[in-house]
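Taking the form predicted alone, here's one chain by itself in structure tokens.
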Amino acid sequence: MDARLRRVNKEIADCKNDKTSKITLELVDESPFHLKGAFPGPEGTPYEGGHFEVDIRIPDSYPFQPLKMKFITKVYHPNISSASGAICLDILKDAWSPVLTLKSTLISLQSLLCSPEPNDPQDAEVAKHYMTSRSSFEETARYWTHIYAGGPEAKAAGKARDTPVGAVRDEIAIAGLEKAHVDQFEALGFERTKVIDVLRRLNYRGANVAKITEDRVVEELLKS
């Protein structure tokens, strides 16, 4: 058994024996070098109550090269791509150290959910939302946690979230927008999906709304 396999097997066993961290690991296709990690969302954050899964690939030169990780669960967070699950975290790049383990790296991901770094984003649009209106960002992150990570139902004024169980997911809430704003431009004859896309790209939220004229929005809608 080579050193890499010995180390990975030990780390998997250590994780299984640790019942306090609530971090789990399982093999993908019976390979010890392709794993699925999971952890609960941190308490006191919009991710509380969610179950978050991470795809983990262990490189040939591990532990001298960082683990390759990306979220399987969709997460609304400045340092996580809302499209691909890619993660912006220093220990997965140049700050990696061979003393880090599967468990400690997953704990760092859990901590990242507590402490977003919007000035070094993986998802620039989410980072703009975070910096423009923290409360609106948290409502959206909580809603994503509910629909994608099995978290508690999100309730917030201004979002069209009072849909019955089993209904189509609320595309306005997923985009972190106000229903009234979408309705305003949809009433001008533009398709809802187009309105949502343009308002999201313009970061039409919070204090930013007053800075963006209706004419500018219409101009962007006509372009798209």
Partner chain sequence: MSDFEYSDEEADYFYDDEEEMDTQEDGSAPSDDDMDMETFNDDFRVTGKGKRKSYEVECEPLSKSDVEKLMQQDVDHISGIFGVDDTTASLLLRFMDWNKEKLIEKYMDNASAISISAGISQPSIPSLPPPIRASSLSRGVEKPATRRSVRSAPSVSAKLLTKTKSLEPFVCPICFDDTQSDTMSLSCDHAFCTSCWNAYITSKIREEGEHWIRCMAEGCSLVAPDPFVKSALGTDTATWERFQELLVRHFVSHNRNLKYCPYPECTYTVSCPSAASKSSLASMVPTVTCGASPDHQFCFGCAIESDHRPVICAVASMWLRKCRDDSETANWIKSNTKECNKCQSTIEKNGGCNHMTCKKCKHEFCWVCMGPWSEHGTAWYSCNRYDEKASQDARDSQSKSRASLERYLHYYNRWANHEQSAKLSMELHAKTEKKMEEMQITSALTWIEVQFMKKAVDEVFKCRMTLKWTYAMAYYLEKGNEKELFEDNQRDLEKAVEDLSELLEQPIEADNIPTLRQKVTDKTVYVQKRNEIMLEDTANGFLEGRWTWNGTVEGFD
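Positions refer to the first chain, counted from 1. All figures in this text were calculated on a predicted structure; none of them were measured in a lab.
Below, we refer to the form predicted together with the partner chain, which is not included among the displayed structures.
Checking I147, L100, I72, M131 against the partner chain in the predicted complex, a heavy atom within 4.5 Å turns up for just one residue: L100. For the partner chain in the predicted complex, the listed stretch (57-65, 29-37, 179-187, 42-50) containing residues with heavy atoms inside 4.5 Å is 57-65. Using a 4.5 angstroms threshold between heavy atoms, S135 stays clear of the partner chain in the predicted complex. Using a 4.5 Å cutoff between non-hydrogen atoms, A127 does not count as a contact of the partner chain in the predicted complex. Taking non-hydrogen atoms only, C114 never approaches the partner chain to within 4.5 angstroms in the predicted complex. By the criterion of a heavy atom within 4.5 Å, K10 is counted among the residues contacting the partner chain in the predicted complex. Highlighted residues E191, N208 and E219: none comes within 4.5 Å of the partner chain in the predicted complex, counting any heavy atom. The partner is not shown here, and in the predicted complex the stretch 184-198 never reaches within 4.5 angstroms of the partner chain through any heavy atom.
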